[in-house]
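Shown here is one chain on its own, the form predicted on its own, set out as structure tokens.
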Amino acid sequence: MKLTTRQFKQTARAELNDARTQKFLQILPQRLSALRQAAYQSFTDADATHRFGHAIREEVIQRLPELLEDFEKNALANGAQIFWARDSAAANHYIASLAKAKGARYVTKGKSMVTEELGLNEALALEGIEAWETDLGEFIAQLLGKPPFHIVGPAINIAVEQIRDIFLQKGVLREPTLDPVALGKAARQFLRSKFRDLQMGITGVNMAVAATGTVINVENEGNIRLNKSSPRTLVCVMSLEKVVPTLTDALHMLRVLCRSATGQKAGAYLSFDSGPRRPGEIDGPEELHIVILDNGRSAMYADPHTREALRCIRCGACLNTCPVYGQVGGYPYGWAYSGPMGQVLTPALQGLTDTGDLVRACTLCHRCKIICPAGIDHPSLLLYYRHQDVQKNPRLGGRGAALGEWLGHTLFSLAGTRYGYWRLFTKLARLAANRQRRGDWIHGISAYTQGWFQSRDLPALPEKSFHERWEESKKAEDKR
């Protein structure tokens, strides 16, 4: 998938001026947050359930190499084939070569963010193999050539008229209609034809159980189950942090995942696969290939700060509570992962050279940290990325501070460590700011600054500081 994080500001401005996007963002994130909150009330002790999820993900991070070895051993014993992919090129080559070896002219795919990360559809197309997304939202986004807007609803922001037009253009729809049910039925019939003679299906993995070698998928449409049961060859692509120790741990994380993602106690379809079809079984693949993707995660794991991002279970709860995502939506984040989830994953996997604006698009309100069922401290990670960026961290590709930024912080540090300088600095700042005063507010400060001040006014500053008034009060008291 093409990385467009350099265009974060430009895309964000466009989305802020898009009336449909703004109308949509006033509804979905708040609605999903409310559903999550209601679903969590079904737990006897919601806080304890939340903390237990944190503990499971903490254990995964602490034991990740060991758990991956256990998973490989047990998956192989179940009859699966394991491929360790160092990077996206290795994973794409393996999958494309396998498709060619099986004589697959096309493949079908379940919704999978990790294959978005790989750019798998584009890689298969270069080898002459069509890839069809079978999740309805992903299918619409694929036809339109757009990235996912939201992890739960990849195309939920698309106007029904636009869906009708692209369905007519691509031959999915025969007669024009704006009926959502008819549009959904047309997509279903079109995609069902792809499953009839399917040689190879591809899915992601929500969780992989180390103790049993089982891969688990959760969904609401049934397309992933069709991708798993219809083809002769099934490829499951998982990033290495998706492993959990036991089936009991997986069941608990599924409970919090479904509630956090869609406000459901459980997804409509839960699929547990431990190896390919066995003798006597009526469905399932003849071959199960599990691709375990690194793609920069080993380097993330080596850094005690960035390894915390590997806790993420891709529930999307942080998107629904983030004030920045709530204004600009998913497109500005410029890669497979959006919202706070993308802000902690993308810089670690893609470096800071192209993602400096991404890590600064945060108010540090801590809502994402509070709501995260995996226990990620997003604000601390973003502060770490910002620090590494200005320090020119060679591994993360830090850019260094701009001259104006460096000068401003140097002067502020100088004033903050010397009282005389501080008093002079505050006097000059107060005089300069109040020159823009109109009534009780300071307007027009954005003409001299960037970033935060571009969209905000400040309350007018008093003529004298608290310390100055305190000293005058003491002097007056002494005279009396």
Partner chain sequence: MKDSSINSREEILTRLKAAARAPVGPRPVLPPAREYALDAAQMQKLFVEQLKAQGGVAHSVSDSAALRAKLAEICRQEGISRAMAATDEVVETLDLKAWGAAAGVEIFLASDFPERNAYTQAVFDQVQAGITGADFAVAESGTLVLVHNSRQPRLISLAPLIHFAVVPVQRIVPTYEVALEKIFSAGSYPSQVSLITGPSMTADIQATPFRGMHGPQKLVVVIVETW
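Positions refer to the first chain, counted from 1. These numbers come from a predicted model, not from an experiment.
Same protein, other form: the form predicted together with its partner chain, not shown, and the subject of what follows.
Exercise. Counting only non-hydrogen atoms, which stretch in 346-354, 169-177, 118-126, 81-89 is within 4.5 Å of its partner chain in the model of the complex?
Worked result: Going through the listed ranges, the match is 81-89.
Exercise. Is R192 close enough to its partner chain in the model of the complex to count, meaning some heavy atom within 4.5 Å?
Worked result: Yes, contact at 4.5 Å.
Exercise. Heavy atom to heavy atom, is S229 within 4.5 Å of its partner chain in the model of the complex?
Worked result: Because a heavy atom of S229 falls inside 4.5 Å of its partner chain in the model of the complex, the answer is yes.
Exercise. Would M238 show up as a contact with its partner chain in the model of the complex if we use heavy atoms at 4.5 Å?
Worked result: Output for M238 is no: heavy atoms all beyond 4.5 Å of its partner chain.
Exercise. Should A34 be counted as a contact of its partner chain in the model of the complex, where contact means heavy atoms within 4.5 Å?
Worked result: The answer is no: A34 has no heavy atom within 4.5 Å of its partner chain.
Problem set entry | Contact assignment for its partner chain in the model of the complex, among V152, M207, L396, L143, heavy atom within 4.5 Å | For this set of options, the contacting one is V152.
For this session: Would you kindly say which of R311, H289, H252, R314 lies with a heavy atom within 4.5 Å of its partner chain in the model of the complex?
Result: By the 4.5 Å criterion, the partner-contacting residue is H252.
Exercise. What residues of 251-277, in sequence order, lie within 4.5 Å of its partner chain in the model of the complex by heavy atom?
Worked result: L251, H252, R255, Q264, K265, A266, G267, A268, Y269, L270, S271, F272, D273, S274, G275, P276, R277, in sequence order.
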